[in-house]
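Shown next as structure tokens: one chain only, the form predicted alone.
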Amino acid sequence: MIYTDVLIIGGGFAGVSAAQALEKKGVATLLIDKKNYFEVTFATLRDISDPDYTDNKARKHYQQFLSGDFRQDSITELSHDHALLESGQKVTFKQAIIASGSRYPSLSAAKSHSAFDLDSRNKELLKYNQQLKMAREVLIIGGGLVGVELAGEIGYSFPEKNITLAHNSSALLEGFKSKAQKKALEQLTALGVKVQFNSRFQREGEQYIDQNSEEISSADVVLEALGTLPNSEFMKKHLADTLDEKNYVIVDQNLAVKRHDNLYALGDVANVGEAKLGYLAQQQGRYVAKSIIKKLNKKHIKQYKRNPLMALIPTGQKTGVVQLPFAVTTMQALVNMKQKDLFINKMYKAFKS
């Protein structure tokens, strides 16, 4: 039996931010994650296109910087006061933060399906890079945030390749402003990326076939950037009523789980009501940590303020699109803020503050 004041399920941006903030205030935490490293996930696409650029700095062992306790394991069941681990152990807690994130069912380059130790993950990303080097033609399926950035990174690093970005609607970056969609298309086209709209490529045997045009892709490498699924399976036995129809955790104005005021959910696994981006998950983690501390001190808790969609989307190493609440710009000074090191150092500094 293991006991902790606050159990944190998932060591992404949200979970680590909450853990660091709570430990700083003397609240004991236990963070559980199936892998033994933290990953700045928005830097991994450059890792596969140009591994020398970041030199694997996007990933660190949790034990290198995490203040609280860490255990490499997986949650199999969660109830209101305890969790069962895959290892067979039981964890009891006063409060829990569900920050288990999401997964890309078909794109382990973005988040690994099987590389749960640091060395294996670095090798996995290098293998993707080697595959791209050998390829003549690359097909990227999905024109959302990840697909657009992936096409830009590969187009910049491998200008000699034939690269196609196939999207199932008539505009890239669904949910973004039309100017951002237009600028992203212009930048990808300038890199030589062929953007193919209203295409629905699906795998049939060893081939990828467009279900609309019946075109058969001749690509050597196919990367499917088709969205994510929430990691909430461990909640279905005891907490199924807290999940919505898409299995995201339902939260209130304070990011507390529906009908459970000692459980919180944040980041990709929760239907918070704002974009699923790393810096927002980090803000959510800090907010929940403050809420827990205020609750312990019997102080009033202000509700979480949802943020409008803002994003800096690199399209290769020299260009990008910045969407702000009031404008869309490709101003180089703003684009270069992320291009310098993809905010890797900024993220780790934030965890120490």
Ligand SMILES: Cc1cc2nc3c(=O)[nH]c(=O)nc-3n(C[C@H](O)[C@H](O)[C@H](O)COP(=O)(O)OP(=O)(O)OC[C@H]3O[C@@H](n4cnc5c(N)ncnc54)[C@H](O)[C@@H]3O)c2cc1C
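A quick note: this is a predicted structure, and the numbers were derived from the prediction, not measured. Numbering starts at 1 and runs along the sequence shown.
Omitted from view is the form predicted in complex with the named molecule, to which the following refers.
Under a 4.5 angstroms non-hydrogen atom cutoff, the named molecule in the predicted complex has D33 among its neighbouring residues. Contact check for G152: every heavy atom lies farther than 4.5 Å from the named molecule in the predicted complex.
The named molecule is not drawn, but in the predicted complex it has no heavy atom within 4.5 Å of G144.
The named molecule in the predicted complex is approached by D73, whose closest heavy atom lies within 4.5 angstroms of it. The stretch from 109 to 117, 179 to 187, 125 to 133, 166 to 174 that comes within 4.5 Å of the named molecule in the predicted complex, counting heavy atoms only, is 109 to 117.
The single contact residue among L191, V272, V221, L277, judged by any heavy atom lying within 4.5 Å of the named molecule in the predicted complex, is L277. Though the named molecule is absent from this view, in the predicted complex it lies within 4.5 Å of a heavy atom of just one residue from T242, S217, Q283, S102, which is S102. Shown here without the named molecule, the chain has L266, G267, D268 in 242 to 273 lying with a heavy atom within 4.5 Å of that partner in the predicted complex.
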